[in-house]
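Take a look at this one chain, the form predicted alone, written out in structure tokens.
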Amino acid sequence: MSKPMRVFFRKTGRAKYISHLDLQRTMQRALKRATLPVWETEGFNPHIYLTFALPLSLGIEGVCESFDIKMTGEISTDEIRAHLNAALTEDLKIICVAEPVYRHTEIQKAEYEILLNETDKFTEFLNQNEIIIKKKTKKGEIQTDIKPLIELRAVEGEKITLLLPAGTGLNVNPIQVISAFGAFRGAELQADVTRTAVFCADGKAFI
């Protein structure tokens, strides 16, 4: 028998430049070094079962990231967290471990904090009739109006907080919003982006 567990972690500092594929490998190696009773797939090439709820784009920090594993032995959530943290760096730290409540397919939105070197006229930017960006699809490049999809939470000095679509369906990358704002301002902007929360369709935090 295996028991599902959801591991919440932060990915900050230099770790934000680790690709999703490399992050998977890093976590798999950490799980092995931690000598935890983790379930592995069966077959010719067994490997640790590991699935991420909402992969983070390269260059973006996250303080609410998560992945699912399955445990085959009795071990407390505190022990899992401690053993994993001992095998990871300061830029990749486990926050907590808990039994899953929601499925990853229930994720609908994510909150981002964006530190910009220039936030002047951001409200004016959002008040446009439309905000057109180019998105790549399997059928090629298309133009999309993302104005109805952007929810502004706050503008505080150089910090902007946005709520954007996220999940298995519709997604808006905050970098796309920043690029569109830069085009509106006629300037190349410098930004630090952190994903601070992930929400399900019912408005509750993904846990």
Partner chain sequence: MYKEKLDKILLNVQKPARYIGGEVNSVSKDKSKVDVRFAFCFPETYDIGMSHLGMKILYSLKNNVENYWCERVFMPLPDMAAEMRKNDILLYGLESLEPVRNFDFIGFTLQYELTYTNILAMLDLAGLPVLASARKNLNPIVVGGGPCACNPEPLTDFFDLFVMGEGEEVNLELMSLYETCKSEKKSKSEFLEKAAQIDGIYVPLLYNVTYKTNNTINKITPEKTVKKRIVKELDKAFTPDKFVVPFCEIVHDRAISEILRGCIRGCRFCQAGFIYRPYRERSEDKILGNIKSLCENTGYDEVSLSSLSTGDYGKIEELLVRLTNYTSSKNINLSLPSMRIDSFNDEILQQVKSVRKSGLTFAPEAGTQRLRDIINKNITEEDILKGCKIAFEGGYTSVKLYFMLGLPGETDDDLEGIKHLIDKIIDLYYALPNRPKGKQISVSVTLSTFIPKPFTPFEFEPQLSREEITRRRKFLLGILKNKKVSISWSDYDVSVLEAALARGDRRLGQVIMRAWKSGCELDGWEEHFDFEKWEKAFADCGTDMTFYANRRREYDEIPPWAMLDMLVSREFLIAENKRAVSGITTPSCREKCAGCGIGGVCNE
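Residue numbers count along the first chain shown, from 1. Model, not experiment: these values are computed from the prediction.
Omitted from view is the form predicted together with the partner chain, to which the following refers.
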Using heavy atoms only and a 4.5 Å cut-off, decide whether all three of Lys70, Pro100 and Gln108 touch the partner chain in the predicted complex.
-> no
Any idea which of 178-186, 162-170, 149-157, 24-32 reaches within 4.5 Å of the partner chain in the predicted complex, heavy atoms considered?
-> 24-32
Is there a non-hydrogen atom of Ile18 within 4.5 angstroms of a non-hydrogen atom of the partner chain in the predicted complex?
-> yes
Contact of Thr137 with the partner chain in the predicted complex (heavy atom, 4.5 Å) = no
Is the gap between Asn127 and the partner chain in the predicted complex 4.5 Å or less for some heavy atom pair?
-> no
Should Pro37 be classed as touching the partner chain in the predicted complex when contacts are defined as heavy atoms within 4.5 Å?
-> no
Given that the partner chain is left out here, which of Cys96, Ala87, Ile75, Ile133 has a heavy atom within 4.5 Å of it in the predicted complex?
-> Ala87
If you look in the predicted complex, which residues in 160-185 sit within 4.5 Å of the partner chain (heavy atoms)?
-> none
